[in-house]
Every structure is written in structure tokens, then in C-alpha cells.
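Next comes just one chain, in C-alpha cells: the form predicted on its own.
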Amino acid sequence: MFEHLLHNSESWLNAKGPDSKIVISSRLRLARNLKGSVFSNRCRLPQKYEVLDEVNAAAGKIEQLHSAHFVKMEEISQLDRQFLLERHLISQEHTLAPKGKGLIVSDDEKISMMVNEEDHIRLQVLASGFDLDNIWQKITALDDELSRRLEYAFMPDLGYLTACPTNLGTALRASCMLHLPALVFTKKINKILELLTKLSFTARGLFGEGTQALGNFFQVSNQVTLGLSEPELIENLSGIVNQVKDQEQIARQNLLKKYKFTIEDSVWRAVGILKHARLMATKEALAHLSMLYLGVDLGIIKKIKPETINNLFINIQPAHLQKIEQRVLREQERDYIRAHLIRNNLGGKYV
């Protein structure tokens, strides 16, 4: 399975979705718990195994998941768990205390289901680009199929019951991963983030909750799940993402008009380092790849495909490098191999 994921060209990273030059990916996640079962963070290990078996059996009867992979987290290494985290298939919490936890993931990685994370089920659908409406149709169809085979914990006045009260109601988290280098470059990003908070949205880093906005990536998601329907939540997020996307597009055009030489210099400096460096830490690599991505969109850099850069954003992560090399790497070894991988993928002429 891991070898397949490592070379999967049809994942949400393929840069083929709508507005994918700015909105890298869209994600919807539903939290569900089984009626009559203690929440995962409270139940004993034998109960977790019962839930794991029950959910896996139900998922196996759903057509969209017939070819899905089932993984027991305790049966894979910490490196493998970190690899799945880097691919946005599991949360940081799901890498810890792995006994009784599981993952179901479709062959193309666009559908995944964490079992016994904070809730019994965390169902997720990912897509390239700005594609919330399409993935809503997919996730609601999957949820309907699951609900025919599993009885959810639900109350009419509270909605779906969840381990964390902030997920009550629809238990829907909608998010988009945005690449916003121009807003960062022009120092307008802080005002955007403040506005998001006032409107009950949150912006996190590349790997979600508790992570920094490395590489100018910001994961924008809803904070409120109670009192609004799923279509309303998605519509609200779509509206705010459209506004941020438009502001980023305006900022990119202004960079070309007002700071043409400065932005060209920054892009080409990034290219020079990416092409010639022999050691490259993750944070530095993400920063330079971000500038390269901006340069491709602005037409400064040619003959580099966005999906090549997208895949590098993930493949240069520590666990991915070690899976590629099939061995444990010390930090400096990772920095050396990361630089080598980038040079190999970005070799040749750019203009």
C-alpha cells in the first residue's frame, strides 16, 4: 500500500482541480459515533477493537470502498504513521497510542476514514483545487451508505453527538488549503487572518491544527458546526475562500505591475538555490518551492508543471524521504537527499 501511495499520480495533489493555482485542495470531514458505544477517548481497548471490526465490516460493503486499504495503526511503524500524516490521511493524534485505531483509505487517496481517533469515525474526502460542492456530493453519499449499516449517536436537538462539543450539530469540518505567497509578500496576510477569525473561520498550517503556515500554505476551515446546515456551512466557506482567492490574485498582479524586478529576483534566487543546493532543510525547501510555484503562475518560470511542485511539497517531508530511500535517515542525510530529490525533479531548462 505505501509504495502505491508514494507513486500515486491521481491523488488530490495532481493540480488538476478548479483554481488549483491558489486553492491547492478542498476537504470535507464528518465526525460520527456509534450509538450505544463509549466515545473512543473513554472506552477500553476491547471495545475499540469491536468498533474497529464493525466499522471495517460496514465499509467493506460500500462500493466506493471495495478496493480500499485497511490498516491497523498498531501493526505499522511510527515512520509509516508519520508518512500517512504527511499525506493528510490521518491526524497527529492518530499517530499516537495506536492500539485499537485504524485507517481505511481508497486507492486514489481521495476518501479516507480514521477509526477510533477522537470519534469512532472521521470520514474525509479530499479533492484537488476548489471543489467543495463536488466532494459534498461524494461524502454525503458515503455517509448515507454507512448510516444504513451503522447506527449513529444522534439527538434531534443537538445533532450528531461527538467527543468534542465544538463538533456537535452537523459534525462537519470543511476546509481549503490555500497557497498565499503574494499576500504574505505584500504583508497583507495578517489582516486577512484577523478577518477570518472575526467571521468564525480559522486558518492553520500545512498539516492542520497546531502547525505553522510553512511554505505560505494556510488551511482555512469553519469553526461552527451547530445551528447551520451542511450546505450553509459549505456555502459560507466557499464565500470566504473566494474572497481570499480574489485578494491573492489581485496581490499577484500588483506584484508584477509594481514590483516586477523585485519579484523576478526573488523567484530566480529561489530557483538558483533549488537547482544547486546540496543541503536543504524542510522549512527552507518549502519557502523556495513556494516562490517557484508563484513564479510558474506569473509566467516568470516556464516548462515546470504545477503538479511536479505539488508532489515535491509532500515528497520532501521527512517520512516520505525515508520511505523513498527505504531506510532510516539522520537529519543531515535527509537534508542532503531532499536537496538531491529537488534537483532531480527540477532539472533542465526553465525558460
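In this text, residue numbers run from 1 along the sequence as written. Computed from a predicted structure; not experimentally measured.
This next part talks about the form predicted together with another copy of the chain, which is not shown.
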Open item on the list: Test of understanding: in the model of the complex, would Phe154 fall inside 4.5 Å of another copy of the chain by heavy atoms?
Closed with: no
TODO: Flag Thr262 as yes or no: does it have a non-hydrogen atom within 4.5 angstroms of any non-hydrogen atom of another copy of the chain in the model of the complex?
DONE: yes
Task: another copy of the chain contact at Asp297 in the model of the complex, heavy atom, 4.5 Å - done: no
- [ ] Would you check, heavy atoms only and a 4.5 Å threshold, whether Ile273 touches another copy of the chain in the model of the complex?
- [x] yes
Task: Region of this chain that lies against another copy of the chain in the model of the complex, out of 169-177, 275-283, 71-79, 102-110 [heavy atom, 4.5 Å] - done: 275-283
TODO: May I ask you to choose, among Arg269, Lys198, Lys191, Arg148, the residue with a heavy atom within 4.5 Å of another copy of the chain in the model of the complex?
DONE: Arg269
Task: Residues from 319-341 in contact with another copy of the chain (non-hydrogen atom within 4.5 Å) in the model of the complex - done: Gln332, Tyr336
